[in-house]
Ligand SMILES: Cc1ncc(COP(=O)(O)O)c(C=O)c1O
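The chain that follows stands alone, in the form predicted alone, written as structure tokens.
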Amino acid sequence: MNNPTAKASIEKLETYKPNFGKSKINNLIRLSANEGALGTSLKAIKALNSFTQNINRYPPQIGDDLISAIANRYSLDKKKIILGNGSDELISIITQAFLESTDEAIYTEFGFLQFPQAISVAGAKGIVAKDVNFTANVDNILSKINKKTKLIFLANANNPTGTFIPKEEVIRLHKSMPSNILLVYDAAYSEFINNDDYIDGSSLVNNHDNVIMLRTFSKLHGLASLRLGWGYCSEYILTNLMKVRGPFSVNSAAMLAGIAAIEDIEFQEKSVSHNLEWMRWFEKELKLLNLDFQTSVTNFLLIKFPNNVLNSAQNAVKFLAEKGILVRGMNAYGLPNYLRVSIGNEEENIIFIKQLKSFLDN
């Protein structure tokens, strides 16, 4: 008897499993997921605590109130904003809406793992453009374009490297690519970046019809558990994405918390200031420990460990987990000697560096 079979592109695909780490200690310090160091806006928590009515009702399909709050915060055209159940959902529906099985989509060597995953699920072919010094390279991306190319994924700044390419290079990439290719510009960490040489992608969307900027509430705003993201794109792209997206994608509680979070400017400024202060502290401490790292504009660092068994990155993961500290191993990216570590709160950061020093002294 024949059994139902999934399509070939799905059968050969590995399930994407976020690796937060494991520890037997209950009171964990989790620096493995790039989550907000200061938690969540108290105004967002207050909004959630007030959410007691109409749970039996479906959420709004569009979410006009949250869209208006986003548009006001960033001076954007609200007709070009689409909400998603996390930016992961938006990445997925972009590939479903725009990729045929005969198409190709380009992503960078150390780009977000969800990019090739979504491409494969859509049944298309993913094409890797090599990075240079852990940074996306425009020439390498352009060299991969052919008649089959339909999408280009660029995370800027990039996870897990923490690097970014400057505004001029992003503009050069867009000018050099054919207009029938869609540039998916993931700016998940843009709120942390204070650099005149950075572009968040919104101006490209305002001036061109083949760009979609992706953003998230999971990092700066600390709403990761509610799964809330958004995109900014032409009305044509938005209309077609809405045909693919589920009719009730974002839940009402997430929308309510999202409005409160994005209007809490004081909390956002406090979070950015905290991240900058402790990123500088981390850099100083890691230099004292003679550990190499990638200079980062995000809320995490990619740290290189010695290429020996005793002080290996894998042993560091185990040692830290025994102390109740979770960090992210980079084996999935082909970087076995590296760990990605998020910036935590003051106490977490100090404990992490203390235990890291203890590990290296063994």
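These numbers were taken from a predicted model, which means no experiment stands behind them. Residues carry their position along the shown sequence, with the first being 1.
Absent from the display: the form predicted together with this ligand. The rest refers to it.
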property	result
Position in contact with this ligand when the complex is considered in the model of the complex, options 211, 188, 141, 93, heavy atoms within 4.5 Å	188
Contact residue in the model of the complex, chosen from 134, 192, 198, 112 - any heavy atom within 4.5 Å of this ligand	112
Partner proximity in the model of the complex: residue 123 to this ligand, non-hydrogen atom cutoff 4.5 Å	no
4.5 Å heavy atom contact, residue 116 to this ligand in the model of the complex	no
4.5 angstroms heavy atom contact with this ligand in the model of the complex for residue 202	no
Partner contact for residue 86 in the model of the complex: this ligand, 4.5 angstroms, heavy atom	yes
This ligand in the model of the complex reached by all of 155, 218 and 228, non-hydrogen atom within 4.5 Å	yes
Partner-proximal stretch of 219 to 227, 279 to 287, 237 to 245, 202 to 210 relative to this ligand in the model of the complex, 4.5 angstroms, heavy atom	219 to 227
